[in-house]
Each structure stands twice: as structure tokens, then as C-alpha cells.
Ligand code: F6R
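Okay, so here's just one chain, in C-alpha cells, the form predicted on its own.
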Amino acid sequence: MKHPIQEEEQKERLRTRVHASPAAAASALAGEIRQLIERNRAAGRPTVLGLATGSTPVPLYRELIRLHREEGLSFRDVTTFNLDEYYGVPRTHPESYWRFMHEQLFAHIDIAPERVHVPDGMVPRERVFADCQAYEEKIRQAGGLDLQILGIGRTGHIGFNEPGSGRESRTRLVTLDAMTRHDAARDFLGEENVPRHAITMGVGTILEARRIVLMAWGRAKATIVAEAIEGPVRESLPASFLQGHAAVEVHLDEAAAGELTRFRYPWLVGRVEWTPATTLRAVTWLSATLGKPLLKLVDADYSEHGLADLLTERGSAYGVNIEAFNRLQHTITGWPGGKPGTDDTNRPERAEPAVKRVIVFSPEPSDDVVGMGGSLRRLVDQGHEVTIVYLTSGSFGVSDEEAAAAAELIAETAAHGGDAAGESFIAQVRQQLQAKKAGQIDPPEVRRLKGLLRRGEAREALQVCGVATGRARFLDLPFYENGRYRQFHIGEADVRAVAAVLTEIQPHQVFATGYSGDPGSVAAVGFEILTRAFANAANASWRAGCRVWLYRDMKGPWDPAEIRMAVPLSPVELAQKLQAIYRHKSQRSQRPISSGQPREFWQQAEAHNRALADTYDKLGLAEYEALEAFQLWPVR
């Protein structure tokens, strides 16, 4: 029976279920898969599943493993077909999808090896076409796909069907988009190691599945998800072809659903409870839509753009405008740690204590200065006790070329100074780099060197921000040091290390990032660890007086209605921030030129901070050179 459309869902062309978290979504979907398997088994039929790779389905696979181990779900009569595989990558490669699926699922359940199918990425080029046809024939012989699991890439691809893929496309060899390769760069320890081609099921192949489920998590996917669900069908967004299938369901967490009309612009699809937050979102949206400052909006503007109910409830445009203007005005402060001796009623941060103990948590070195380098300088200059805590070494973000160059410099220094231990260490690094195979996790000395390189860059950056070297902590959490991208596992040691820092410092303020990020990212894993550490400290005396401010990466613009504190940066302060970011030399050129955005990440940060200042200016607030923004956690 077709799902009845609710009023708030009327713009959605695909049935969409929004969950509190990826784990909640995975639990619901795994339960449905269990019912499918057991229903087919009772009818004497096998179950045929189409599976996806990447970080998105990992929570689902972990829940399926749990159902097998703890509740006896058997996969003995289940057949699987994977969406894709990198071309030219052997199955033994750490980043092959064959290996990924065995590590994430197949090795932990009772599925028969002969029932597992993954495209062959090593088939000779002259046999690729025939091999792809044979793959489709195997799907047909198995009875077709009962259920196809999908993720969605930032280009809107499903499988490796990049923009331009046709609706009728079949399993084939494809060339990967520059953004897709960039997003895979850290998996392969450098963009230069990412394959340029892949074998993928076609859009037409996917659409032949009897049922399709697409999953997406995190704020970074929100815009492309909304376009796929609510926008027109077009080849430039392959996921939009799912709108032509009769049995598609989209599972999202709240962050990934954030750009859907029912959440971002609920007044356009139904009645709204006009809370202060919803009112502010509506007024800033109207201002941006009309290109008019907040205080110049009139009653007719509201009535003609679906906001008549707001005026009915709140009165005239004048009163609504003033309320919205004042709320935004009150977010602006040059005192991110609070201004001592002042009335803080309408300020984002408390005036007292005058000197606050502050912790800035940075998932990897550079996240701190990219997200809040200007505010960090303000906190230090205004006399607060600031400690920077780097959760991980960030070694995965350093290319082998950068490591080799650093090794040569250290070797020369060691030789000049007669440092035998240094020469021995570099000799090991050189040997390990030479022996290292493509995609291989860095050997111990190489990883140590890369970590030291990033520590040095972090210290240089902090000096630009006025932070003393002794105020930096490097935790090197085990989840990162013992793991790899898309395969991080939080342990008690991670939580204990963060909890120990909190207990020692007993902060009045914490600045953190990773909230609403992709759950497989370093930032999101780091934030989950911090969340657990705070839960352990729920009854600690300092906890009630501690505020947690959230800073963000540069993936998407800030919505003014989300901001609870905006810190202006003068031209000099912006220049200092960029100089701090620039000290992270190993992280330069981390974005492909073809993405349409600045290549260097210090340029991205500058554009991001200037754009937010421009947004405030257009709303009719003061004109600033740049702004850094923060949310207050828990986010309301």
C-alpha cells in the first residue's frame, strides 16, 4: 500500500523517513531486512540484496552483525550483489570494496562465500564489457534484487553513476568525478593514489530492484539530498532518477534532512508553531528571498510569501522585524569569553567569571584555526586560560611526498648536528616509505614522522594566535591511531582520555566541532567521544557551569537562524587567522580546482567568513570584514 503523503511532506517526491540518529535508522532498516529474509525463507525463496560501500551503510552492517550474533538471524540463504568496485584495485588492497565488505559484514555473518558477488576490478580492459554483462546476468539468474541499499555522494551519484549517467545505463566501466576522487583521498592516503576508474551497476540496473532504500547522514549531505528528493529529475543528479521507481524509501538522520522544505521552510508546506527559532528562520529567509534588510520588510511581503499566519499570530511586520533584528544583533560580540563587568542579559556569553578556563577541542590539527582562529586569538588576548586539545595526530592527512621531504630536512639537520638517534630514525622512515605499497597503512615510524610534522605545524599556528606552546595537548586517541578512515571504533580509552582532560581543567567554556557531521568522519567520532565524556561527568560540580560552543567546518554556509554567537574579525584579525591556517603546510591544496571553490583551504576559510559577514550585512546589521559563528550545545 502506498504511503499516504502528509501535509508537511507534499514537496517530497520520495518517501522519506527521518530518524534521531544514524544508529536509530540502522536499527529500523535492519529490522526490515530481517523481516524480508524471514518472510522469504518461510516461503521457500532466497533473499537477494544489493549492497553499498562507504561510511554510510556501516551502521546498518554493524546492526545486521548484532542481529546475527545476538538474535540468531541467519544469512545462509541470502545472496548479495555489490554496487561497485574500483578498477585496477586488487581484492587484497586495503581500499578494495571486496575487502571492505568482508571486513564490515561478510566475515562476521554466516553467508556462503559463493553467494557473495562484487564486481571484479582487475578484469583485463578488453574483457570489461563482457564481464559487466555477465554480472547483470548473474543478478537475473538469482531472481533479481529484492532490496537495493544505496548511499549518495556529494555529486548526487548513486553507486559510481556520476553526473551525466543516463537512466537506462547498465553495469559498466566509468571515470570518477574529481570531487568523488577528492572525497576518497584520505581513504587512499592521498588523492594521487585514488583510482580514476571504477566498475558500477548502472542506474537502469539499480532501478530494476523491487525495492530501493537510500541512506544519508550528516549536514554535508543535506543539500544534495534535498535536491534529489524535491528537485526535478535530471542526468546531472543521478539520484533524482529514483523518483521514477514505485518503491523507494529514503532514510535520513536529522542533520541530513535539514534542507528539506518541511524542516527548513515549514511555512511553505503547512501550519507552523511559531517559536522564536522558527520565527527567526522565517524572517531571515524572507529577507534573503526579497533582497531586503530585515527592518524594511512590510506586511505585504509576509502575506505574499506564505507568512500571513505569522502576522496573524504576532501582529504587524514591524514588531516581527524588530524582534528578529534584535535577536541577531544580540548574537554579535567581540568578547567570545564574555565581557567582564557588563550586563550580560543580551550577550551570548556570561560576564563572569572574568577569567574563564577554556578548552578548544580540535579533532585534527588545523580544525581549530580553520573553524575559529580569530575567536581563539580574542580569547587569549582577553586573558582567558585557553587550552587547545588535539584529539588525533592527523597523520592520515599527510602525503608520503610531504613525509619524504620532511625526512630529508631532518636527515640533514641530524647529520650536521651529529644526532645518531635522529639519523637512525630517518633511516627507518626512508626504508619504510620505499617498502610501502599503495594504500598500505603507514608503518610505525612513518606515522610517527607524519604526526610530528602536524604537531609542529599546529604549534606554529598557535603561536600566530598568541597561544603559548605549553597550552597545547596532543591526545593521539587510540580510535585514530589504531584505525583507518571509515573504520573507526570508539573505545573506553578514548573516552577516558578526554574525560581526564575535562576533570583536570574543569572548564567554564568548551569549543568543539563535529556535531551533525558524517558519523564516520574524524570530527564526528571525536564529538561522540566528547559527548560520552560529558555524560560521565554529568554529576561533576563544574559541569553545570560549563557551556559548550560549536564551531563548524566549511561545508556549506551558516543559516543565520542557527547562530547563537557571531564574532567579528577585523582585516588584521582575518589576516592573522589566515596566517595561522597557512602554517599547516602539509594540508594545502586539499580540494580539486574543478569543484568550483577556492583550492587552498585557507582561501576557503576566508571566503566562508567573508560570506557570513556579507549575509549579516544584507540583513541590515553592521558591516564587518568577516565573521566566525557558533551554536550553543545542546542545539535547540
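Note that residue numbering follows the sequence shown and begins at 1. Because the structure is a prediction, the values reported are computed rather than measured.
Heads up, the form predicted in complex with the ligand isn't pictured, but that's what we're talking about next.
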property	result
is_contact(Arg378, the ligand) in the predicted bound form, heavy atom dist at most 4.5 Å	no
Contact of His157 with the ligand in the predicted bound form (heavy atom, 4.5 Å)	yes
Touches the ligand in the predicted bound form: Lys450 (any heavy atom, 4.5 Å)	no
Ala52: touches the ligand in the predicted bound form, heavy atom cutoff 4.5 angstroms	yes
Tyr97, Tyr87, Phe396, Phe106 - the one with a heavy atom within 4.5 Å of the ligand in the predicted bound form	Tyr97
Proximity to the ligand in the predicted bound form, single hit among Arg486, His117, His384, Arg564 (heavy atom within 4.5 Å)	Arg486
Check all three, Thr56, Leu83 and Ile152, heavy atom within 4.5 Å of the ligand in the predicted bound form	yes
Per-stretch contact check against the ligand in the predicted bound form, the hit in 144-152, 396-404, 71-79, 311-319 (non-hydrogen atom, 4.5 angstroms)	144-152
Residues in 205-221 close to the ligand in the predicted bound form, defined by a heavy atom within 4.5 Å, in order	Lys221
